[in-house]
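Just one chain follows, in the form predicted alone, and it is written as C-alpha cells.
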Amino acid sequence: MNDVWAFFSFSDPTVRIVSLGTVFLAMSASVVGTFAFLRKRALVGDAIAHAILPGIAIAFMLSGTKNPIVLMMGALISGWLATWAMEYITEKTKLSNDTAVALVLSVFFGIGIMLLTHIQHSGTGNQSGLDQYLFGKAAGMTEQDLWTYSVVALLLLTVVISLYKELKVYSFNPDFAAVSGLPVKAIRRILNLVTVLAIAIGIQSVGVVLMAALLITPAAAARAWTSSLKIMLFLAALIGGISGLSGSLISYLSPAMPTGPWIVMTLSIITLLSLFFAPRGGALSRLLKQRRHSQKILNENLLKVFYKLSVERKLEKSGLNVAELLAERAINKSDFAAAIKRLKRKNWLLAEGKKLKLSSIGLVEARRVVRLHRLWEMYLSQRLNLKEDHIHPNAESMEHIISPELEALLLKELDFPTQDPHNSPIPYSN
C-alpha cells in the first residue's frame, strides 16, 4: 500500500514522467483511433504501426542520434508512405483493401527488421535501445520525450476538436461528405496524418507490435457504452488514460513487469467488461432485452388466446382452465406457468379457483394486441396484395412491435376498418 501511495504522490521524477507520458500517449491515440474504428479501418492502424519501423531506423542511420523529434519525423514519413501505398494499391489495382494492408505491413516491417539488424551489427556506439520500439519501453522515457509527446498529443487533440464536424461526417458517410461539398481528399489526408502521428508517439510506450490495440481497443470499449460520438471520444480518451496510468502503476509495483503490455492488458480487461456489462451494447444487456422481448411476446400471445376464448367464444363468465388454454395454443408448460404469473402480477388475469379470467385492464390490453394483429393483416392484404393464407405469420411477428404512433398511421391509412381479411371483427376500446 505504501508503494501505491508513493506512486500516486508523483514525487519520483521517473514515475511522473512515465505516468504523464503514457497517459498523454494513450489518450491521444484513443481519440484518433476512434475515427479509424468508425471507418472500419482497424487493421490499417496495425499496418501503419509496423510500417513506421523502417522510418525510425533510417532516421537514426542518417542522423546518428536518438533524438525523439528526429525519430518521429522518420516515423511520420514512413507511416505516410505506408498510407499512400495502401490507398494506391486499393485504387489502382484489383487487390482488396485487406490484401493491400497485408502487403504494406509485411514489406515495411520486413525492411524495418532488416535495417534494425544492420544497425545492431554496425558497431555504432549509441544504437542500443532502438529494438525497444518493437515492444516498447515506457520506463526509458525522458523529460525531453515527455515534452515532445505532450506537444504532439495536444496538436492531435486540437486538430480533432477543430475539424470535429468534418471528421464526423466523413467517418460515418464519406459519400455524403463528398456530395455536401466537403474536401474529402483533404479530410482523408489530415485523418491519415493524425493517425500516423498518434501511432508514432505511442510507439515509445507500447511498441509497434501492440500499438494497434492502443489505437482501436479504447474506441471499441467506448462504443459499447454510447452511440454519441462526443461521448464516445470522451470515454475512449478516459479509458486510454486509465489504462496508461494502470500500466505505469503495475510496472512501478513490479519492476519486472513491462509497462506497454500491461497498458494493453488493462485495456483488454476494460474492453471485455464493457462488451459484456455495458447497459447499451453489452452482451448481458442484449440477452436481457431478448429475454424481456420473448416474455412480452408470450404474454401478448396468451392474452390473444384469452380474448378469443373468453370474448369471441363467449366463455368469459365461466373462466378458462389450463387445459383449454394449452389446447388452443401449444406452449411449453414451464413457459406457460411463468407467463401466467407475470400476467397475474400485472393484474391482467384473475384467478377464481382453478379458472382464469381477464381483468378489466387485461381485457383492454388483449383488445389492443388483437387489434394490432388484425390491422396489420388488413395492411398486408390491401396494400401489399398478399394472399390470406400468407398474412397471419407475418402479423404474428409484427403485432408485438407496432407502436401507438404506427397504430394511428395504420388506422388512418386503412380508414378505420371494422373487419380483417378473415371477416373477424377488429376490436376497438369501448
Partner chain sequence: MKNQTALEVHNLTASYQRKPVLWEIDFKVPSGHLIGILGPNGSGKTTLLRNIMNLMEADSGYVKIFGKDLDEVRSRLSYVPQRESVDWNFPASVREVVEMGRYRPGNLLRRLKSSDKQKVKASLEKVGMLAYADRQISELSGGQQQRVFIARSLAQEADIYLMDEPFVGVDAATEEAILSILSGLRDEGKTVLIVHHDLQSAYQYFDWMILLNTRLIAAGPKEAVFNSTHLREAYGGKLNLLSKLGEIIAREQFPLREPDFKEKEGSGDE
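Residue numbers count along the first chain shown, from 1. All values reported here derive from a predicted model rather than from experimental measurement. We call the rigid core whatever largest set of C-alpha positions still superposes within 1.5 Å between the two forms.
Beyond what is shown, the protein has a form predicted together with the partner chain; the following relates to that form.
Heavy atom within 4.5 Å of the partner chain in the model of the complex - the one residue of I111, V169, M265, L273 that qualifies | Checked against the cut-off, the match is V169.
Listed residue (A178, L350, I331, L325) with a non-hydrogen atom within 4.5 angstroms of the partner chain in the model of the complex | Only one option qualifies, and that one is A178.
Proximity of R291 to the partner chain in the model of the complex, heavy atoms at 4.5 Å = Heavy-atom contact with the partner chain at 4.5 Å: absent for R291.
Would I242 count as touching the partner chain in the model of the complex under a 4.5 Å heavy atom rule?
-> I242: no contact with the partner chain in the model of the complex.
Should R345 be classed as touching the partner chain in the model of the complex when contacts are defined as heavy atoms within 4.5 Å?
-> Close contact is absent here: in the model of the complex, R345 is far from the partner chain, nothing within 4.5 Å, heavy atoms only.
Should L298 be counted as a contact of the partner chain in the model of the complex, where contact means heavy atoms within 4.5 Å?
-> No - in the model of the complex, heavy atoms of L298 and the partner chain never come within 4.5 Å of each other.
Contact segment among 377 to 385, 47 to 55, 390 to 398, 24 to 32, judged by heavy atoms lying within 4.5 Å of the partner chain in the model of the complex = Contact-bearing stretch, as computed: 377 to 385.
Tell me whether K94, N173 and S228, taken together, all sit within 4.5 Å of the partner chain in the model of the complex, counting heavy atoms only.
-> Answer is yes for this spot.
Across 40 to 55, which residues bring a heavy atom to within 4.5 Å of the partner chain in the model of the complex?
-> Only K40 sits within 4.5 Å of the partner.
Tell me, please, whether between this form and the one not shown the C-alpha of K289 is shifted by 2 Å or more, with the rigid core used for superposition.
-> Yes: K289 shifts by at least 2 Å between this form and the one not shown.
If you line up the core, does L380 shift 2 angstroms or more at its C-alpha between this form and the one not shown?
-> Superposed on the core, L380 moves its C-alpha 2 Å or more between this form and the one not shown.
Indicate whether L43 shows a C-alpha shift of 2 Å or more between this form and the one not shown, with the rigid core used for the fit.
-> False for L43: its C-alpha shift is below 2 Å.
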